[in-house]
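To begin, one chain is listed below as structure tokens, in the form predicted on its own.
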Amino acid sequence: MRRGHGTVFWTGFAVIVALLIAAPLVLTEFWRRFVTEILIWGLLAMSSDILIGYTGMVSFGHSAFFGLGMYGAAAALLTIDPPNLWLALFYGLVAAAAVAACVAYFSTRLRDIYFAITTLIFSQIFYVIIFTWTAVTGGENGLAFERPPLAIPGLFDFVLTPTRLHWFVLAVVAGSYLILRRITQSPFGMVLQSIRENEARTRAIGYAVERYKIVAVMLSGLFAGLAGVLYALQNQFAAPDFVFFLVSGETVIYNVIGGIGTLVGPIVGAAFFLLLREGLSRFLTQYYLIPLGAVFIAIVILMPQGLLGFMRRWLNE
């Protein structure tokens, strides 16, 4: 049975990846870009699911990790000549990891709503710093830069066209999903789920709960920073708006809509939310938030396990 389940998973995974590889070849420029952004926001949502779904810790600080990943990549691309994609990734991940370590050290000492509020405060602190430190961050105007080539010396050197960027983003998101899936199924992931279900009991049987929480926050922040780097490459700029706590709020919404504790669910939630928002905004202009909010409330009430949970239940009936 386990082998059959694995075959189904890999078959489904291969089909979805193949469809996404072909997407930029058949879609218009707008929809190609839109699908790429869905993948990036899905990675951000998936990173937060490590905390929300697997550890039981609601974080409103992911905008800080996401934004610092963007600014780290921008710093590398603006200060290093010639611009290097791999250094941009490295700088972005280091910036996000450093912020995540800082947030984790202080916030994991708290639980439930206190943890959520602390992460929110940290995100706002970094937002104010980035917004006001004009000489370094560009302030409210942000930082703009040219997209670097995808190159490995002696092997290849490709200009990152929109289609190639889509494939690069897809490769990173698919690889991140497989890594996070392996982590959540490992003994470490089992301990995180034990903390979610009963933290006191997990501590009582000898696990260093605080250490596991710190690692979970840092891991989550690292992948959120990776999403920030990809978004910076996609749009060729970094702006303080992406460090604002509203980005964290939308990330939580993606998780709730798609289904927490599933990794795939947050990506599904991001795709559903972004497509619905795009469709409603075209027809209702400034009033689109009203039906969007109504749909979200309906999903929370009627599908408490999210869209993915609802589909699984429907298929099993």
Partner chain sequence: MTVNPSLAAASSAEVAEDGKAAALLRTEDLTIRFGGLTALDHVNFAVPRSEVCAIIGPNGAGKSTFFNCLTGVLHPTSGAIFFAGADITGLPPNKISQKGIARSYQITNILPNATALENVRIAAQSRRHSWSLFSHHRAYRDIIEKAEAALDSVGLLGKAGEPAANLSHGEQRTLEIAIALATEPQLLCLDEPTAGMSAAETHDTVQLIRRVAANLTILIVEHDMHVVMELAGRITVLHYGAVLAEGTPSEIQQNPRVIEVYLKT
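Residue numbers count along the first chain shown, from 1. Keep in mind that what you see is a predicted model, and the values were worked out from it rather than measured.
The same protein also exists as the form predicted together with its partner chain; that form is not shown, yet it is the one meant from here on.
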Does every residue of 272, 277 and 296 put a non-hydrogen atom within 4.5 angstroms of its partner chain in the model of the complex? no
Of 219, 173, 95, 247, the one that lies within 4.5 Å of its partner chain in the model of the complex (heavy atoms): 219
Report the residue, out of 150, 78, 183, 110, that has at least one non-hydrogen atom within 4.5 angstroms of its partner chain in the model of the complex. 183
Is residue 188 close to its partner chain in the model of the complex, meaning a heavy atom pair under 4.5 Å apart or at it? yes
Is residue 215 near its partner chain? Define near as a heavy atom within 4.5 Å, in the model of the complex. yes
Is there a non-hydrogen atom of residue 136 within 4.5 angstroms of a non-hydrogen atom of its partner chain in the model of the complex? no
With the partner left out here, check for me: in the model of the complex, does some heavy atom of residue 205 sit within 4.5 Å of its partner chain? yes
Only one of 78-86, 114-122, 165-173, 191-199 has residues with a heavy atom within 4.5 Å of its partner chain in the model of the complex, and that stretch is 191-199
